[in-house]
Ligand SMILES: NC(=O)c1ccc[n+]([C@@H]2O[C@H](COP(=O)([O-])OP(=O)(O)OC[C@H]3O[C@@H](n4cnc5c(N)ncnc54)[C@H](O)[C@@H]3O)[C@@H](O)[C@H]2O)c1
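Quick heads-up: it's one chain on its own, the form predicted on its own, in structure tokens.
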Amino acid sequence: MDAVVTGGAGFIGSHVADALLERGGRVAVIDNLVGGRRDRVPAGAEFHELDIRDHDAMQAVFDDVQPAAVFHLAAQADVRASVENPGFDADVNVRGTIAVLECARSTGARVVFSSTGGALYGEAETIPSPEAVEPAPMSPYGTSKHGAELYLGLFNRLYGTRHVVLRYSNVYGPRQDPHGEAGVVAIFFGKLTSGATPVIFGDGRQTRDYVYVSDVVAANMAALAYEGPHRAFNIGTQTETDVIDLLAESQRVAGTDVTPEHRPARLGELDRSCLDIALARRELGWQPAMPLGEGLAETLRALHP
């Protein structure tokens, strides 16, 4: 099956491209390399360095590849940057998604869209949070992802397409960049392996749902085969882990014993975030397979093979 992966030079997107190549078929990666890295693109994939907002350039790729599937992972994913410049965030995540949807419509391709769980639901009263929770994002990033989801639903109603939304919890694993805006697992290992002091914001009791990247890739493949009506699916582990426990487990894996530095809590950071994955289990036949301890060990091994 021929496919396009937007953001395929990024953390999750490069893993998706790997999985598609293993299945056979032509795989084209579209990435502007702002957050992605060229060396993450699999050797068997075609690479096109362009911005998803450049509709004409992207359409040329679609015309050539004629993909049956599009895995849309390209995004402005820095929450702090979205607060500083919400217009740019919306331009990439909403207008860019519309361009992807238009290109996909030209070839009849199904879009599997990578959205967000915690950033979408905000401070939800129900934990773990099911898909029925009313979105109440605490950042422009979460808001723009919700807007992109609404456009997917619109295209499905208007044009009869069968696009699917996946709402991720906190994804971690190999290839996640420990610098800049990255997942806390990558940041912790970056600090621990370089001898620096890990930082905990607030009291460290804020919880997240940590899902390993290979499980997220499996969810993408399951979404491609989904035959039901348009839905958004939570993709996580349905398990809460607080920051203090995550650091302790990371230190156990790394063989370190470093006292973290505590700093004031950051504005807009959620106290609790955990996703109910019953719908994905039932409708996609998907469930996570990687335990946290093993996933952390695999992540560390990838950093220092």
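Note that residue numbering follows the sequence shown and begins at 1. Values in this document were obtained by computation on a predicted structure and should not be read as measured data.
Omitted from view is the form predicted in complex with the ligand, to which the following refers.
A.B. asks: Which pick from 276, 51, 249, 242 sits with a heavy atom within 4.5 Å of the ligand in the predicted bound form?
C.D. replies: Going through each option in turn, the one that passes is 51.
A.B. asks: Check each of 168, 189, 212, 121 and return the one that places a heavy atom within 4.5 angstroms of the ligand in the predicted bound form.
C.D. replies: Contact check passes for 168.
A.B. asks: Is residue 32 one of the residues lying within 4.5 Å of the ligand in the predicted bound form, judged by heavy atom distances?
C.D. replies: Within the cut-off, so yes.
A.B. asks: Is there any non-hydrogen atom of residue 11 lying within 4.5 Å of the ligand in the predicted bound form?
C.D. replies: Although the ligand is absent here, residue 11 would touch it in the predicted bound form, with heavy atoms inside 4.5 Å.
A.B. asks: Taking heavy atoms only, is residue 36 within 4.5 angstroms of the ligand in the predicted bound form?
C.D. replies: Yes, residue 36 lies within 4.5 Å of the ligand in the predicted bound form.
A.B. asks: With a 4.5 Å heavy atom cut-off, would you call residue 114 a contact of the ligand in the predicted bound form?
C.D. replies: Close contact exists here: in the predicted bound form, residue 114 approaches the ligand to within 4.5 Å, heavy atoms only.
A.B. asks: If the criterion is a non-hydrogen atom within 4.5 angstroms, does every one of 74, 92 and 176 touch the ligand in the predicted bound form?
C.D. replies: Looking in the predicted bound form, the three residues 74, 92 and 176 all sit within 4.5 Å of the ligand (heavy atoms).
A.B. asks: The chain here is shown without the ligand. Which stretch in 139 to 147, 152 to 160, 196 to 204, 102 to 110 comes within 4.5 angstroms of it in the predicted bound form, by heavy atom distance?
C.D. replies: It is 139 to 147 that comes within 4.5 Å of the partner.
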